[in-house]
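Next up: just one chain, as structure tokens, the form predicted alone.
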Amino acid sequence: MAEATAQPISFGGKTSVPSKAWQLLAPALITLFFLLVIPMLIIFVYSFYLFVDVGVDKPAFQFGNWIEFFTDGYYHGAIWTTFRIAITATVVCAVVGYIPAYFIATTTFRHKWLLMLLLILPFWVSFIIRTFSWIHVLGNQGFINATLLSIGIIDEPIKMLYTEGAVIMGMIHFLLPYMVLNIYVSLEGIDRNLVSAARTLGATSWQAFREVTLPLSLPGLAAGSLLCFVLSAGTFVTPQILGGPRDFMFGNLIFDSLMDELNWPMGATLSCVMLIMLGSIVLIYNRIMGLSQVYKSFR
């Protein structure tokens, strides 16, 4: 006789998780507590420390770092720049990424695994190396300028490197596979009979796509947009390498405070601000769409 599996127990409409489930979850929860929750609490507490000198901090419960953040427009400008670049990169990834995702999901090619391999191939190369490679593409002596100069289209190099456009391009290169993967997972889960039914009822290919495929793929598009936005808003490597003095993002302020100025209290404050902003966006998304689609993309 097969052993009965433990089922959640319901009390007054509320589900109680069996003790065995908590025992199985305990190692992961303990690991998250010590490696995620405690470090975050330490950073939050450190945001109230007093910065005395370079590398010298004084334990004190004061709000000077938070007051400086809320009153200094320099930080507000960095937030605006960060969100503008992140939104631009996310929108471009959504528009550009939908086409290959749709092709992979609907193709009749027998070896679809090969297309998926090509999709994840960029992850095999270091993110830093991929970012540095754009210098040889967008620089004054890079591939684009060298080609245009050789065929006589331009007389002098076009300034493309160390601009906001170069930062956005580098982010798109990094984020596009995430967008394609999420949209593909959503498209792959759509019942093909729904499209066939729409065509049978007289809809054209475009109408079937607009009325059936596109609405049903929106959860994947939203999940990809969330990942792309969060990753792009929190990055500092791409603007550090490809951007100019005015293209700094909020992550660069955190890096400069911690590594250059050795002002750990201010760096901790900015880190908490970044965590609150991005965490709020994730919570809003989870409230509206749910995070289940994000989980599916990494299965």
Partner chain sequence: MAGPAGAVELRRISKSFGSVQAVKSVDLTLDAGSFTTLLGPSGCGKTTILRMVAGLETPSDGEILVNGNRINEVPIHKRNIGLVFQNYALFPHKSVFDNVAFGLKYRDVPKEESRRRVAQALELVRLPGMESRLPSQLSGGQQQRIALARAVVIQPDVLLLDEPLSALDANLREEMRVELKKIQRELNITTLFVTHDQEEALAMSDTVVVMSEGESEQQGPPEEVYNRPASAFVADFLGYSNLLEARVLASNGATTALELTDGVNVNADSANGHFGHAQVKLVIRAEKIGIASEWDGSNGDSILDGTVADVDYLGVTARYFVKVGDLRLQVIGTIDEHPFREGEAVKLRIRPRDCVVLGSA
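Because the structure is predicted, anything quoted here is derived from the model rather than measured. Positions refer to the first chain, counted from 1.
Just so it is clear, the following notes concern the form predicted in complex with the partner chain, a form of the same protein that is not shown.
Q) Considering the partner chain in the predicted complex, which of Ala94, Ala105, Ala198, Ile144 comes within 4.5 Å of it through any heavy atom? A) Of the listed residues, the single hit is Ala198.
Q.
By the heavy atom within 4.5 Å rule, which residue out of Ala203, Ile120, Ile135, Ile158 makes contact with the partner chain in the predicted complex?
A. Result of the distance check: Ala203.
Q. At 4.5 angstroms, heavy atoms only, are Ser47, Glu68 and Thr71 all close to the partner chain in the predicted complex?
A. No, because Ser47, Glu68 and Thr71 lack any heavy atom that approaches the partner chain to within 4.5 Å in the predicted complex.
Q: Considering the partner chain in the predicted complex, find the one stretch among 148 to 156, 78 to 86, 207 to 215, 163 to 171 with heavy atoms no farther than 4.5 Å from it.
A: Residues of 207 to 215 come within 4.5 Å of the partner.
Q.
If we define contact as a non-hydrogen atom of the residue within 4.5 angstroms of the partner, is Ile99 a contact of the partner chain in the predicted complex?
A. Although the partner chain is absent here, Ile99 would stay clear of it in the predicted complex, with no heavy atoms inside 4.5 Å.
Q: Verify the contact flag for Ser126: yes if a non-hydrogen atom of it lies within 4.5 Å of a non-hydrogen atom of the partner chain in the predicted complex, no if not.
A: No, Ser126 is distant from the partner.
Q. Met116 near the partner chain in the predicted complex, any heavy atom under 4.5 Å?
A. No, Met116 stays farther than 4.5 Å from the partner chain in the predicted complex.
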